[in-house]
Ligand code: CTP
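This document starts with one chain, in the form predicted on its own, laid out as structure tokens.
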């Protein structure tokens, strides 16, 4: 019974990247032996176990055979006779098919170390084309490592194109596709995820709405700049639906997010960003009514935690953002100082109280314009 660290942990440690998750392969063991040592099984029919102390995943060495459509359409065979090399060959890329023993020795049957040194993402075997999820994974790895100079092997691109030509991509769940997309949005070069999908002819099947954005060099440059993936997503959708009228654009964003199971935080920021970017970029030119409408529409008096994210997007799109970044928080804080009880003590109530608050708010907005605030 031998245990090896495998996959991304080996790859990233060799690249000098931080390692957050570690996966292990156990060669020469049975499920009964794993249970005797205190490991907890993940599932009834899947040979993966949780370490009793570290909580990390330990999988029995296994082979696989294609049995259906999609990334879940595989039958697995785990046995003490399955070798480490047989387990590693079922992985997607050579750089993900290395293993490390307890003493730090590397097992590299498919030249992953060579491809790391040559900065190439290369498939291991023709079986790569059996799993449609690998199209997304390769695109995500390119988004992560493009800044290091990595490229995708031409033969691997052709296999990705073959996958896109068939119906395998259609069997991916929206949740799984979004998971890869979201992770790519957080990588160093998120635009490479979309460019790679375009090169593989997969974008038209997975995200056809984003084709106009990917064809725009300015958008590709813009989404690589802000750090937060939610801002990158908002910039991307703004470009994708730029030619739609305002109401139709918002509906397009909602439809896109519904279809792709996008979290509400991504959807809501995209809607706010697309609806109010022009006002934020041109804040110094807004009159008192427009400034108050902006604050109310963005619900900034109650919740302004998303304001920093909006400013991130503005800093990429707008020519000058110093004014809005200084003045808008200042105005919000001044508006919060209004005391409705003091107005009630003056005899205002009901509808008249609401009108009095509104007039007071407008006066404060005008004071900022006049330089009094």
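Numbering follows the first chain given and starts at 1. This is a predicted model, so every value here is computed, not measured.
Beyond the structure shown, there is the form predicted together with ligand CTP, which is absent from this document and is the topic of what follows.
The putative spot formed by 134, 137 and 144 is fully lined by ligand CTP in the model of the complex; each residue has a non-hydrogen atom within 4.5 angstroms of it. This chain is displayed alone, yet in the model of the complex one of 111, 250, 161, 96 has a heavy atom within 4.5 Å of ligand CTP; that residue is 96. Checking 276, 267, 260, 183 against ligand CTP in the model of the complex, a heavy atom within 4.5 Å turns up for just one residue: 183.
Of the stretches 279-287, 78-86, 126-134, 239-247, only 126-134 has residues with a heavy atom within 4.5 Å of ligand CTP in the model of the complex. Within 4.5 Å of some heavy atom of ligand CTP in the model of the complex lies at least one heavy atom of residue 91. Shown here without ligand CTP, the chain has 7, 8, 11, 12, 23 in 4-28 lying with a heavy atom within 4.5 Å of that partner in the model of the complex.
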